[in-house]
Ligand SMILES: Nc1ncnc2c1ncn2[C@@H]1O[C@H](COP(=O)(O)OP(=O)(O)O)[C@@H](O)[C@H]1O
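Just one chain follows, in the form predicted on its own, and it is written as structure tokens.
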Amino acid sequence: MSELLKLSYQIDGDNFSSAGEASANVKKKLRQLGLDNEIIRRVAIAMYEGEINMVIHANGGTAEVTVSPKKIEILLSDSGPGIENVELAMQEGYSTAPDNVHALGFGAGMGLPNMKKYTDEMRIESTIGVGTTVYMMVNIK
């Protein structure tokens, strides 16, 4: 795998039926590249959680995935309301999802913690009223 692969996706807000399509597509592309199943699983989980967060909280956004020989980078960006308290949002079980989202089985407060758990590096930049950018990286061993 000497080539660089760049993928870009538009995530639709409030559309739970299409949530996960980008992460499923990335999973398929990583399989085609012959990457280790554990790397693929970690990337798919982290990206799916990010997609769901954009659908629930930010009215959608963009996902960019860059695959290089040593790492996979995921950049999620939205122009949603921003995360008021990132430290609090990183706690397992903390959720600001509305009741209608909970009724659909989402919003358990595991999105950001799972994103961190399944990546080797994660950074969040969020500004209230402007949006949020999440950078995640998974090393290819």
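Sequential numbering from 1, following the sequence displayed. Quick caveat, the model's predicted, so the values are computed rather than measured.
Just so you know, the form predicted in complex with this ligand exists too; it's not on screen, but the next bit is about it.
Using a 4.5 Å cut on heavy atoms, which of Val26, Val67, Ala63, Ala58 is close to this ligand in the predicted bound form?
-> Filtering the options by heavy-atom distance leaves Ala58.
Which residue among Ile45, Ala108, Leu35, Leu75 has a heavy atom within 4.5 angstroms of this ligand in the predicted bound form?
-> Only one option qualifies, and that one is Ala108.
With the cut-off set at 4.5 Å between non-hydrogen atoms, does Ile40 touch this ligand in the predicted bound form?
-> It does not: once this ligand is placed as it appears in the predicted bound form, Ile40 has no heavy atom within 4.5 Å of it.
Which residues, if any, of 66 to 92 lie within 4.5 Å of this ligand in the predicted bound form when only heavy atoms count?
-> Going through 66 to 92 in order - heavy atoms within 4.5 Å of this ligand in the predicted bound form - the hits are Asp78, Pro81, Gly82, Ile83, Ala89.
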